[in-house]
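As structure tokens, one chain now follows by itself in the form predicted alone.
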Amino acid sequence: MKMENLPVNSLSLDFLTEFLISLEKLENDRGCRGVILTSGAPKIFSAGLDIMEMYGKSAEHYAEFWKAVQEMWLRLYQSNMVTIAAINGSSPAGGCLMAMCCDYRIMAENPKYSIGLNETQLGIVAPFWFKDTMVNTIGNRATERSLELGLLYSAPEAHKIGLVDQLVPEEKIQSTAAAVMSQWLAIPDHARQITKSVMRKPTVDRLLAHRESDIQNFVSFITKDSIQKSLQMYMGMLKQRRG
């Protein structure tokens, strides 16, 4: 599955809706046992949540958007398919979350590419289920430091702390992903799926138990004047960089 929401595969409401439809089709296709998630955008896997969805909109819009973000995580994190992230570019914030949802992560060994949950740099707090996903990936202490400082790790740094499983030259990322997929598909589906469910169920159940309050927390947080001003400043900074 190649993400092509150019220029940076930002996770807009429209994109998330399309993504969920595509994922559901693959889940329902009995001939499809695995999916390799990658990017059709140069130098970027996904820039994460679309800031335009979080700025200057109604509370109803924010709630709908956040529900779609939750749904993306729930579907991808619990997928019965083998999911491999072929990270062929930078992957901050929501892009990092998508990658962490997958069973295995392969990243292009380009030191210019980075990955991490950098929300605090934008004045935003990563939700508890973002945090839980990262703890499950790299452990508690590394997650605490990563989230408080909003760290973005270079590809070699990400590999060192276990945020990605493997580094390969960019031109070999798809062939490596296919080889890894063969290894995972050699395991009987039912045994792998049950094991995955057992490992991930407590994390999933925690969001399901607090889903509505999580949406309400997001809406009350994102509608604060101070947060809207922070997002406005960040967008201004991005425009200056592009200029």
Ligand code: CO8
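No experiment lies behind these values; they were computed from the predicted model shown. All residue numbers refer to positions in the sequence shown, first residue = 1.
Another form exists, predicted together with the named molecule; not displayed. Remarks below refer to it.
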{"item": "In the predicted bound form, the residue from Leu26, Val204, Met54, Met181 that sits within 4.5 Å of the named molecule by heavy atoms", "value": "Met54"}
{"item": "Sole residue of Leu122, Ile161, Ile173, Val135 within 4.5 Å of the named molecule in the predicted bound form, by heavy atom", "value": "Leu122"}
{"item": "Candidate stretches 136-144, 89-97, 153-161, 103-111, one within 4.5 Å of the named molecule in the predicted bound form by heavy atom", "value": "89-97"}
{"item": "Partner contact for Ile222 in the predicted bound form: the named molecule, 4.5 angstroms, heavy atom", "value": "yes"}
{"item": "Tyr234, heavy atom within 4.5 angstroms of the named molecule in the predicted bound form", "value": "yes"}
{"item": "Touches the named molecule in the predicted bound form: Phe218 (any heavy atom, 4.5 Å)", "value": "yes"}
{"item": "Any non-hydrogen atom of Met1 within 4.5 angstroms of the named molecule in the predicted bound form", "value": "no"}
{"item": "Residues within stretch 44-71 having a non-hydrogen atom within 4.5 Å of the named molecule in the predicted bound form", "value": "Ile44, Ala47, Gly48, Leu49, Asp50, Ile51, Met52, Met54, Trp66"}
